[in-house]
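Next up: a single chain in structure tokens, the form predicted alone.
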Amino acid sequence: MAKALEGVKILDFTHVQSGPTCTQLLAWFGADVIKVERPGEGDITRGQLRDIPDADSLYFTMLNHNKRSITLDTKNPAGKAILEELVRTCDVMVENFAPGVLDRMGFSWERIQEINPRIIVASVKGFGPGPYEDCKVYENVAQCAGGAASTTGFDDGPPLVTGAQIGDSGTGLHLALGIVTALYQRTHTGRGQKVLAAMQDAVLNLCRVKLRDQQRLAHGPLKEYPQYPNGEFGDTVPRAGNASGGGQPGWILKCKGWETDPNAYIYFITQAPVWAKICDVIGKPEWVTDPDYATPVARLPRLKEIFATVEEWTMTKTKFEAMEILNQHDIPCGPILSMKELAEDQSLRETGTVVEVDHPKRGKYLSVGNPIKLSDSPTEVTRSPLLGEHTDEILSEVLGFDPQRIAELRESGALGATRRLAAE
């Protein structure tokens, strides 16, 4: 069965997380992703947070599945010439260098267009055009600059960043959509174009409900927030703790065993259509007709009391027992699952959301698989490449170089030293 992006060649000039997230997703969908790395060291994450000596770190392996690696010294004239050939051959170039790096390498947008007018150049940057566009940005900086941190946490505490990598991986997902869109448009125009995903923009897009609430503040207090009715609202969206941020109030509640298990909690939503069922389950049938509780509007100023009462019930059940009971009544809820629980979840293994990968240096390890499922393009997750592992293969298969020319290039230093796989 053909893959969705089979035949698309991606020149991957990315490193760390945001760019590799994007190119890995495209590789999962069948694109031939050619990762260009510096001889001798490659992507910096190969050695970051390393847990096994002399093996690529999980940081690298979990972001670079299904790719091929070529080492090039682009400061070497012969190495730069190879890069030009790859630009001429590939459909997309993806990069997340600091602003201006490609230009200094001699690959400005104008030069790239001269080499290949059909190529799409996709970039991750920290900020879009404006006063901060030259600033260096990392994950947590993006969360702060994009509005996530100011609206995360509890009102009596400092801003918080989230454990989800919405700045890096979130931006990479946005960029992948931009690339696929540009590829589709090229089928009509025949031309390539630039695609930009700024980390600040991507985080703000994921925080759109908070921008919604900023505008609602002009018309009165945000009644679904825990500050209502006794707290004060200023002129900016406050931190809302574990409030749902939507029209259906929710909160994280303790479950049986919370005293010793830091994840013995459940998220509980008081959805209006199942209010009567909620009242029956928690032993408060009188709330169904009580005017102080019967309607969503009446319940808003009493949410703390309501959730405290619900919690008295959830504390008598494990999070899984509570979830089983609540789901029988279509009451929306979800257990707080730890990384250990997710890693051991067999259903996630069966769907390919969590996969086991075998690596020649580090052995078997778990990784996240493709979160997007296509019925006609199933994803096979293959291991990340060793540094320079596919150099000869790419020069031969993609650029058509013969063995003698490859040997000459290697002798010139254009390719650097490569790490070769032992016979498998």
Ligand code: CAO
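Don't overthink the numbering: it's just position in the shown sequence, from 1. Remember, predicted model here, so these are calculated numbers, not experimental data.
Absent from the display: the form predicted together with oxidized coenzyme A. The rest refers to it.
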{"property": "The unique member of Ile119, Ala202, Ile331, Val137 whose heavy atoms fall within 4.5 Å of oxidized coenzyme A in the model of the complex", "result": "Val137"}
{"property": "Partner proximity in the model of the complex: Glu84 to oxidized coenzyme A, non-hydrogen atom cutoff 4.5 Å", "result": "no"}
{"property": "Oxidized coenzyme A contact at Thr74 in the model of the complex, heavy atom, 4.5 Å", "result": "yes"}
{"property": "Partner contact for Val124 in the model of the complex: oxidized coenzyme A, 4.5 angstroms, heavy atom", "result": "yes"}
{"property": "Asp56 within 4.5 Å of oxidized coenzyme A in the model of the complex, heavy atoms", "result": "no"}
{"property": "Stretch in contact in the model of the complex with oxidized coenzyme A, which is absent here, among 361-369, 36-44, 23-31, 374-382 (heavy atoms within 4.5 Å)", "result": "36-44"}
